[in-house]
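Next comes just one chain, in structure tokens: the form predicted on its own.
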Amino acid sequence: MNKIEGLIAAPFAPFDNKGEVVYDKIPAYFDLLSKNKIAGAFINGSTGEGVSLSQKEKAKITEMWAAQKPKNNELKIINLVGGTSFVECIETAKHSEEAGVDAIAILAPYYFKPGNAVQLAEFCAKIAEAVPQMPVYFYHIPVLTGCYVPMFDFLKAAAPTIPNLAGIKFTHEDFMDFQTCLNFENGKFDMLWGRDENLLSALVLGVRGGVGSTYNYAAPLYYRLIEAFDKGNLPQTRNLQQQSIDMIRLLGKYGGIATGKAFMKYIDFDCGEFRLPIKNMTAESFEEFKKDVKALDMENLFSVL
């Protein structure tokens, strides 16, 4: 299984003004990511509101993203299949394979939570064995799942029992755990960093791939950051990471994850609003938001249509 290098965007689910999924917008979304040299799309995840979508909606989104691959087979599609019912996850995993995505990801059960790494690995193995030819990632985001099992312990339990385990999308601030996973079994697993605001710190540890929501609308910023790091220009790298942080602070200022769709609207790719219970930005707030974005002075670092 090949490791994915570069930026993997976590696409937003595009909605119309009635809150229905606009599937026909996905081809243009794929083109947007391709034009900005995105290496992959992590669909139906947190940013994609997978937990707020029906099974039918997620299945159709999966099919639409997979159908775009002939245009750019280098852009890898990873589908998050869920995490509370392994039976439902298996159904989604099999559908993902039939649709033609490149890999699936599994989320930790977030209602009945596994008590340790062995239980978590057993849950994931149930799903992975249903699609033995597909690479399988685990999506570690304990701030949302409440599952704080160390990923080093998970790899020790899962590596012998899940032959098609490809790696982990690691969205947590535990750099000690992350580095240990990077070096596990001589760096066998694809460790994808999931905190855009800390990408520099992950690069220092040796990571070469990341998954994030801000890569949808600010890919040039991060590719310039990676280029500066590879050239050893640390002052420039730190400055670019600070620009990322300043941009991401606006998410907190304007209410959280829904602000990401405001950024998409800012670059003229409107994805509508988030579903309840997420709070969306008012029209008045959006006007103030645009002023704050312009004050960042990073117009040449946003993704282009």
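It should be emphasised that the depicted structure is a prediction, and the values quoted were computed from it without experimental measurement. Don't overthink the numbering: it's just position in the shown sequence, from 1.
If you look for the form predicted together with another copy of the chain, you will not find it shown, but the lines that follow are about it.
The partner is absent here; in the predicted complex, the one residue of Val51, Ala39, Ala59, Ile267 having a heavy atom within 4.5 Å of another copy of the chain is Val51. Stretch 234-242 is the answer when you ask which of 28-36, 65-73, 234-242, 259-267 has residues with heavy atoms within 4.5 Å of another copy of the chain in the predicted complex.
Every residue of the trio Leu107, Phe123 and Phe152 has some heavy atom no more than 4.5 Å from another copy of the chain in the predicted complex. Within this chain, Thr161 is remote from the site of another copy of the chain in the predicted complex, having no heavy atom within 4.5 Å. The shortest heavy atom separation between Lys279 and another copy of the chain in the predicted complex is within 4.5 Å. For the chain shown alone, Leu203 is a contact residue for another copy of the chain in the predicted complex, at least one non-hydrogen atom being within 4.5 angstroms. Another copy of the chain in the predicted complex is approached by Ile141, whose closest heavy atom lies within 4.5 angstroms of it. Shown here without another copy of the chain, the chain has Thr84, Ser85, Phe86, Val87, Glu88, Glu91 in 84-98 lying with a heavy atom within 4.5 Å of that partner in the predicted complex.
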